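Quick heads-up: it's one chain on its own, the form predicted alone, in structure tokens.
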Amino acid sequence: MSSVLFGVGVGQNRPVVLIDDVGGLGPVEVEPARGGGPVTPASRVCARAIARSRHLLWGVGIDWGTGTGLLAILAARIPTVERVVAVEYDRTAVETARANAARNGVADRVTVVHADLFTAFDPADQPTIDSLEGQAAFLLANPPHSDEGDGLEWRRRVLAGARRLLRPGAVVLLQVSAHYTEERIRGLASEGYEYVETVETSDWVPFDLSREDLRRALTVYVAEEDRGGIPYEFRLADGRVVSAHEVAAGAGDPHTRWQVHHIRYSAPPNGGACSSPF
């Protein structure tokens, strides 16, 4: 569950969201990031995935596109996790994530870096990212949809950019919703990655077309279907599965499942092996 409190954070008198359905890792209070977006249903599914997968998370990890800092905060509470480097593109969201880490008592274990993908805007911050090369034991990512291609380009860029930072066997927890189809989701695991399983999923929930970002995403999906891409799969209330074209034509209210998938990085940079403490 979650609720909205009234508090003071980076932005005076802005609401603070309490998330307390995170599987034993304790409640988290976060001020929504103005530049990084709200705490969405996808964020909550990612939070539960971290709790479910905590036995896999250890050492130093990365939270890409941290936004509010929620996922980094939860990971930092896992006793086997030493620290989390959280990267974020939006300057205001960086400040909010730092404040949220302090609010939740993990500021000493979460380092938030202002970066574009994995390149810091301030060269003085780049060593923080570069120090992870071949060392990061996990990657958490809840990327936005991309306005290019099939909507998954940001996820592909994250996986490609993270290769140099991850150690062999590193765990990737990646949010990709069910409407992208199993074929597309499994296809993300390539060039050193392998798909393991879906670790967390929501019930069928509305793909809320009152949200501007989801309306824009639907336009991308329709264009991909027009190019001959795999049809997207939305569920209607009566159980029928419909494509993006059918949703755009008014077939009914589309539903999807927010999901987090476990992908393993399995390609050592030098062909060697590396072990974890588990």
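A residue's number is simply how far along the shown sequence it sits, counting from 1. All values reported here derive from a predicted model rather than from experimental measurement.
FYI, the form predicted in complex with a small molecule isn't displayed, but the following is about it.
Contact here is defined as any heavy atom lying within 4.5 Å of the small molecule in the predicted bound form, and by that definition not a single one of P206, E233 and E246 is a contact residue.
Contact annotation for Y89: at least one heavy atom lies within 4.5 Å of the small molecule in the predicted bound form. A residue is said to contact a partner when one of its heavy atoms sits within 4.5 Å of a partner heavy atom; Y195 fails this definition for the small molecule in the predicted bound form, lying far away. In the predicted bound form, the small molecule sits within 4.5 Å of a heavy atom belonging to G67. Although the partner is absent here, A99 is not a contact residue: none of its heavy atoms lies within 4.5 angstroms of the small molecule in the predicted bound form. Partner contacts here mean any heavy atom within 4.5 Å of the small molecule in the predicted bound form, and among 127-135, 197-205, 178-186, 67-75 they occur only in 67-75.
This chain lacks the partner; the member of D116, D108, E82, E148 within 4.5 angstroms of the small molecule in the predicted bound form by a non-hydrogen atom is D116.
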